[in-house]
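As a starting point, one isolated chain is supplied in structure tokens, in the form predicted on its own.
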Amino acid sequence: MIVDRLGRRFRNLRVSLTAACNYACTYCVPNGKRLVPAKNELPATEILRAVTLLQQATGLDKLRITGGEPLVTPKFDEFLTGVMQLPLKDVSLTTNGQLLPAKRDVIVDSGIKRINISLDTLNAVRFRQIARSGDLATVLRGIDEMQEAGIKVKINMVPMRSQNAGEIVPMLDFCLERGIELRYIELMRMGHLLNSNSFAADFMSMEALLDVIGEKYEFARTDAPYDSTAVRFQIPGKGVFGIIANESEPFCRSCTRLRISSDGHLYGCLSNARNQHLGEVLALPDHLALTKLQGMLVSALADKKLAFQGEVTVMKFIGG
């Protein structure tokens, strides 16, 4: 087992199936242009082999499918079906929800139990302004269909002072009424926001979010798993919400995450652009691949930071 001096090890794998996305959200891309597939993206079979090797090398037991937007790639169906056959304790999916109705059957039939849906507003006009694409009604229908199928849904919201700050409480109301755990995600200094004035102007801290929520609800901090990304709060008799406080209360010291980009690069830390390509590993027979992979994993673990610092890397390229 590979462990660093803080006791961190890799247990949670984020797999980006594609860099492409059918949205162009303001906090993700600066120019309104949709993200396209990366050059030399791996086919589903090679990503599945990479996952299998990493599981054997690390003992990881959790995997999250991400993008870009994973539902836009033709390999989604094959990868989801294949990864659900692996001996993983937990497989989940993060999506913007636009294609959930179209992909309902393959998702439900796969047996997946958890889905995170990114949704920043309940206002149809503002939805188009933030996502620069898509249709709110379709996403809401997808949420309903997933819940009706018995899949646990969480919703991720990125609060921004200039765009959706007025919906912090309405979004929480919406989720509490449906038994959905809402996760507020602090705006991240990634990609074009790293050295941007708009980051400081739009950023809302955990303290600011709690002040707004506290105007309507009483809440208390509650337990979260050791390596959870979220600080969680209980509203008595209502439900739970969380805040992924990348800036206010970073979770770096307990991070167990490892990431594979869609073109086969291995990242040990979201806040570090250093990476290693898996191409040579995937070309080797298993016993040689595992030996080489051990060295790569030692290096990837050493890339982890003690606190989130931001990075020029666009988060959508490396698995959210």
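Everything quoted here is computed from the prediction, not taken from an experiment. Residue positions are given as counts along the sequence shown, with the first one as 1.
Just so it is clear, the following notes concern the form predicted together with a small molecule, a form of the same protein that is not shown.
Not one of F10, I47 and S261 places a heavy atom within 4.5 Å of the small molecule in the predicted complex.
Using a 4.5 angstroms limit between non-hydrogen atoms, Y27 touches the small molecule in the predicted complex. Contact annotation: T94 falls within 4.5 Å of the small molecule in the predicted complex, judged by heavy atom distances. In the predicted complex, the small molecule lies within 4.5 Å of some heavy atom of T66. Although the partner is absent here, E186 sits close enough that one of its heavy atoms falls within 4.5 Å of the small molecule in the predicted complex.
Of the candidates L193, L99, I168, A230, L193 is the one whose heavy atoms come within 4.5 Å of the small molecule in the predicted complex; the others do not. Proximity to the small molecule in the predicted complex, defined as a heavy atom within 4.5 Å, singles out one entry of L172, L210, I107, V158, which is V158. Partner contact region in the predicted complex: 178-186, out of 135-143, 217-225, 178-186, 73-81, criterion any non-hydrogen atom within 4.5 Å of the small molecule.
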